[in-house]
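Shown here is one chain on its own, the form predicted on its own, set out as structure tokens.
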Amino acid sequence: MHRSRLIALALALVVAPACKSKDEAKTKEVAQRSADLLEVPVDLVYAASAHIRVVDVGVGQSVRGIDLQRAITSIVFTPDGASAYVGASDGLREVDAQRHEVVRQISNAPVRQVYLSPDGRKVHFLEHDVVTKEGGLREPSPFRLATYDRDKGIVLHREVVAERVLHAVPAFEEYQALLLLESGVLELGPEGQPWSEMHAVDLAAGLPGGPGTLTPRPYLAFGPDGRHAYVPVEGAPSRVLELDRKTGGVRAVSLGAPTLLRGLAVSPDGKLLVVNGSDRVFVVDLGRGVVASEVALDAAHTGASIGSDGRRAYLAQTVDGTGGAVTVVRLDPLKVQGKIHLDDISPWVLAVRPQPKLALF
């Protein structure tokens, strides 16, 4: 073969792989850009203390505010993300979560917790009065569980539960009611059974108690259909109890060591449980019932909420410089992505607004 042809052939063999390599690199670059676009968070987080700040995670800052000047205790959103119900020291409010404005005040007594029924049609809220006794000592009255009908726009009824209640969740169809007292007593009971006659849950079920006591913390999370409830329990080791509200069964998930527990959240698909361990985050694989991963945080946090797409968790950092912050944690792979500083509030309650589902044509 002529020398010039051999050189041309050799160049072709060299250039062809190079071109192919460039094409592959370009394809990967385009794919990465597309993935990055999909990774831009679209979550709106309500971060609250005495006021609410609407945090746009994609923008990385607070974009709206709802000033209440009351201690906020609990926030729940309706499944369509259209409304939020906010419990505070002066009652329950309904918020238009699209305009981020209060539309009505439903009650006037201090609210400790707010729950949405599994069908989304009723709002249950735990309330009490503050009684001033001799000597000026202020104490809460026995707690009442009130039920607000969203369709009718009225409070249907109130029932006295007990004194010093942390959570009181009513029964729903075949799902049992749940009661958690400040004393650390955790109870379940079928529909129609009085609150005073529910049966206690063994906090040491499934795991050895170890030295010391087991203390349930005042945080509660539910699976997507409301059947399973999750309660964090501090001890040796600390654990999360999964309560099957249909069968009454209890499963314990060990966190491996004594840990401060400050929040829980279940992913939208019900596969993962995010546990706020104050200065670290645990991700529990609920299918296997084990901690799948954990990551350290740079400060103490409280609360936990998961985005609508299940990709991120959000935690409240009450103290961050001159204000507070919302810490963003990516779940797969687990890593802290950053924080969004809030100048004017120190949040302790978080809730993520569900994304409206788009109709497909």
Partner chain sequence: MAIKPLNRKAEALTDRPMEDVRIYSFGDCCPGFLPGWEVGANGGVDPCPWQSDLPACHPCYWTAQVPDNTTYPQWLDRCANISQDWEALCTVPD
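Quick caveat, the model's predicted, so the values are computed rather than measured. Residue numbers count along the first chain shown, from 1.
Same protein, other form: the form predicted in complex with the partner chain, not shown, and the subject of what follows.
(request) Answer with one of Ser293, Ser308, Ser62, Thr318: the residue that has a non-hydrogen atom within 4.5 Å of the partner chain in the model of the complex. (result) Contact residue from the list: Thr318.
(request) Scan Tyr219, Tyr115, Phe222, Tyr148 and let me know which has any heavy atom within 4.5 Å of the partner chain in the model of the complex. (result) Of the candidates Tyr219, Tyr115, Phe222, Tyr148, Tyr219 is the one lying within 4.5 Å of the partner chain in the model of the complex.
(message) Gly323 versus the partner chain, in the model of the complex: is there a non-hydrogen atom within 4.5 Å?
(response) Heavy-atom contact with the partner chain at 4.5 Å: present for Gly323.
(request) Determine whether any heavy atom of Asp244 comes within 4.5 Å of a heavy atom of the partner chain in the model of the complex, and answer yes or no. (result) No.
(request) With heavy atoms only and a cut-off of 4.5 Å, decide whether Phe77 touches the partner chain in the model of the complex. (result) Output for Phe77 is no: heavy atoms all beyond 4.5 Å of the partner chain.
(request) May I ask you to state whether Arg330 is within 4.5 Å of the partner chain in the model of the complex, using heavy atom distances? (result) Judged by the heavy-atom cut-off of 4.5 Å, Arg330 is well away from the partner chain in the model of the complex.
(request) Give a yes or no on whether each residue among Ala71, Leu166 and Glu182 has a heavy atom within 4.5 Å of the partner chain in the model of the complex. (result) All three within 4.5 Å in the model of the complex.
(request) Have a look at 93-101, 255-263, 151-159, 199-207 and name the one stretch with heavy atoms inside 4.5 Å of the partner chain in the model of the complex. (result) Among the candidates, contact is made by 255-263.
(message) Do any residues of 108-138 have a non-hydrogen atom within 4.5 angstroms of the partner chain in the model of the complex? If so, which ones, in sequence order?
(response) Residues within 4.5 Å: Pro110, Arg112, His128, Val130, Arg138.
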